[in-house]
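You are given structure tokens for the same protein chain in two forms, set apart as structure 1 and structure 2.
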Structure 1
């Protein structure tokens, strides 16, 4: 394809599109300084994941001491064998140990903590007894959805306490004294301060995607919430990476934890990666629009930097007849959930997202990841392109670079 420039390619001289006219030209950017990433790191000839051996669990689900109804719910959900994190973490969690699970999204970590907790909570009368904190509304919602499936017929209830939606219903849910509270730090703290949320009976605490929560600046909220949770409890941390900050958090809030690591080396070698050189933003939009008209781009995740930019780009694509939806922090909870569902169900071909909005989401395997704006860090890059080429499928990632920004 003419517009895909491999290393050292020259920018295309295309026509003009109406998008962003008069605003392009690389004006000053707000926000934190980006780290410089050498564009050569965005280029890779894919090597197939040939020798990927499926994980052989030591346990079968039947080996776990769960009640009949829970076993029934697991098979109804279609799970046949435990994933690696489930296989390794569930026995410790059943034993009541504190656990640090080093696992990224897609490993089955949600069921790894939900199943043993559900088993341990059956019959508990002092409530709420479980608090699960997640960084984003979408992740909290996904956890709640899985909870509802696995807890069917067990008489356990949850309240989903996230921002961006009206608080009245959540207050009503809290008054019914649910067993499980699943939420995001800001709204949880708010409910606690307003005395709708009483955490004195919590016996199990889960911090999911702890690294992302710290990245997003939730540490003060988390500290405030945990100050009201009894110290005598089971604590489970899940994080894709263990940074010094995470270790400090773990040391403060857990006792004698067992570490279980299943993090597959997050290499992107199996993803075909390429840069596309463009003169400026207008040119990027033109190239992107042309590219997305091709049939092979059938489930495409496009990353942009700002909420407004992401929305504008998505609207532009949609106006050009390329069905697209945006997901970013200016959308409320139900709008985001609807957008994700439309993309998952294939009703739109393209989803344009900011990094924060895409974090932790169970986004299905996509055919292409396109970095319309370059990521802040190389780690973000690897995280973004990890959405494609899953499970042996071939993946493609394209990164736009503005040629004037390229260092010599």
Structure 2
């Protein structure tokens, strides 16, 4: 623990950074109590990645029974061979079957459900006919962007219904009777309650990252939304894991689903993981600031627990000359999109984020993940550190823990 040893003798500065004044969390937290995680689980010597055997698809994109315009859009995007989830799920979705897709993030599952749905919806007059629910604004926005690319020239259009943006524009979009509704549970339920969203013609329902939506407490909203969707529909669940709660949801809202599982081992085994001991929050900030001044911390994702705490930490780093941006639920959609683009493009080296805001984001080349605050669960920890060490690159994860007083 180099940082703990090097800085361990530094005296407490009485709150010079302002991080130990008031409540340590920087705001109240809703949701379940944080589960204790033994610090030993945050330590792991990275194992070299085994040579992965490339997946050999049974189909080419050209083999799928899509129309000429959709094939043109797929080709324009540069797609030739489908990924494993695309290769295995698309034929079932084309056949109209309910599907449970179990796949890691970044495996191409968005195209796996969008392409066959777009093909099946062409020419349908009753609308909206497709409802896609995602846990976060960013993921919903990414799905909407892919939909717009694949649906060019097909006369289909969508409405993006998420929080953090002006509801008036979304109401106008809904009044145009779009074919696809893509949104987050809270705003969808709000629009439904205000009678701007009518789901009586929906024939296809997609729940993307269903496990995460349940983790985030969206189950009551999802049940309320699904109760308004016709029972005679196609239902697609995509999830990284199948928990008992997911199984119960699937059993309630789908019929004879086909399971397509292409999940691979967790990337956490291949990420160098260690803990950093700190006496208190002020000491944590000092250690973090020192670390981020070193060149090896090239593109760093820092996780904090609360919206207020994340913003305050990002501001502090920026004031110390470390280019930083924050992403959390108090920022509106355009602010979050702008922050994400700055980090992806390398205009800032550090992004400080809450779990909710960072869920579903595909950020390449993250050199380090730092858990400034420990996560709610070990599953959240695995998800956080999975943002580094992708695509065969080396990855590093650090987790701050409190120095335990020695009992005499």
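Only the largest set of C-alpha atoms that superpose within 1.5 Å between the two forms is called the rigid core. These numbers were taken from a predicted model, which means no experiment stands behind them. Residue numbers count along the first chain shown, from 1.
For the form predicted on its own, the corresponding chain is the one labelled structure 2. Relative to the superposed rigid core, residue 231 undergoes a CA displacement smaller than 2 Å between the two structures. When two forms of a protein are overlaid on their rigid core, residues whose CA moves 2 Å or more are considered shifted, and residue 79 is one of them between the two structures.
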